[in-house]
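Heads up, the chain below is alone and in the form predicted alone; it's given as structure tokens.
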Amino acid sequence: MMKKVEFVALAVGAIAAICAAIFLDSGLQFLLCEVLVLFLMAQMWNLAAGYAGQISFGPQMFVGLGGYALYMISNNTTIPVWVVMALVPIVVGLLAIPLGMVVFHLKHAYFAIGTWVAAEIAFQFVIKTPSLGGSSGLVLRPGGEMVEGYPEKTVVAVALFASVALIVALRMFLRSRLGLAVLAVRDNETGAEATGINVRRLHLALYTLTGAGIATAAALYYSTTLFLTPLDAFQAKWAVELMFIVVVGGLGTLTGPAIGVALFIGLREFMTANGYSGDQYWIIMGVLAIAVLLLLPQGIWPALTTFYTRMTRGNTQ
């Protein structure tokens, strides 16, 4: 059941999405697209890892599949790009089912490594397949024609509203019986199975859902770049970025990924504006990640909520 505050959030999100598409300049829209896409991906990875206990090192598999599904269908058919965008989660979700049935034979660290190996196999397959552009990549040419206008105007509106809608949907999901079952499996898989929960089926459903979600976010992102290469789409940097965002912000929380994205992009833009290189940026990010893991092992948002709780209790005594 949707609460009143969630209805209000959706309405505000819709208004903000329209305003962002109309009033922001194209450069800021492109940056906001990147921020929102990372947030959507991070929430999907967080749902799998933080709530279902599926720690994956291979989310780049779904980034690549989402991008290539968008480009291949758009370039080789007359289906409008935005209709293809709606087909991407279906196509990638169907591909994720047999993949999940294989990788779920692995447990814990073996599962994490297995998902990374699967992403590497997909990367090598794309590179060695000329019809997929090989190592040179693809240009987005819907129906054989160049993209006209500024796609980031539409993408920023869709991504902004989707981000708000995703938070609302996740809040509702975690209140549902299925959401409670997911949390039970994370906390005690054996105990959850003893109560009648089909753990394997639940894991496969979440793997498929989160994979399709990451692929959809990737399709949004690559519809603004208009160019796609396997080296970028299947790059391990996607896994590193999502893990940093979620773990630093707060694994297993809905607010944590928002804090993680703000730090990740905000620090990058600050350092770039002040003349620092990409290598220096990653050094700082590495130091920040280590510091948070040592001092705030649960992440920034859980630490802030704990601090606030203690302060409020202290003031009431």
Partner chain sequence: MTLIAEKASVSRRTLLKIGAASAATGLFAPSIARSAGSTIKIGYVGSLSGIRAAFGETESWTLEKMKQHLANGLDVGGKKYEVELVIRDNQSDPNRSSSIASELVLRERCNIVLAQDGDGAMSIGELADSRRVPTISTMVPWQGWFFPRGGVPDKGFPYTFHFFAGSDTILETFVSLMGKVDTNKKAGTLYLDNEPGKAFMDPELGLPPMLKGAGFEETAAGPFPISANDFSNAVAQFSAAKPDILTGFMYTNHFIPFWNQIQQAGLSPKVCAMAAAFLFPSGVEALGKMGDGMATEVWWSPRFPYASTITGQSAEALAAEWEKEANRQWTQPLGYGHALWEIGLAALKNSNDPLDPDAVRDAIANLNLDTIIGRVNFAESPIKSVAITGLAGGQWRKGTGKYPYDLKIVSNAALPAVPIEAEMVPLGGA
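Given the structure is predicted, the values throughout are model-derived calculations rather than measurements. Numbering follows the first chain given and starts at 1.
One more form of this protein, predicted together with the partner chain, exists but is not displayed; see below.
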{"item": "Proximity to the partner chain in the predicted bound form, single hit among Ile127, Met172, Ala205, Leu87 (heavy atom within 4.5 Å)", "value": "Ile127"}
{"item": "Candidate from Gln235, Asn188, Asn76, Asn198 lying within 4.5 Å of the partner chain in the predicted bound form - any heavy atom", "value": "Gln235"}
{"item": "Candidate site Leu160, Ser163 and Phe307: all three near the partner chain in the predicted bound form by heavy atom within 4.5 Å", "value": "no"}
{"item": "Residue stretch of 136 to 144, 89 to 97, 209 to 217, 176 to 184 approaching the partner chain in the predicted bound form, non-hydrogen atom distance within 4.5 Å", "value": "136 to 144"}
{"item": "Contact label in the predicted bound form: Gly266 to the partner chain, heavy atom within 4.5 Å", "value": "no"}
{"item": "Exercise: Trp82 in contact with the partner chain in the predicted bound form, heavy atom 4.5 Å", "value": "no"}
{"item": "Contact label in the predicted bound form: Leu226 to the partner chain, heavy atom within 4.5 Å", "value": "yes"}
{"item": "Any non-hydrogen atom of Leu231 within 4.5 angstroms of the partner chain in the predicted bound form", "value": "yes"}
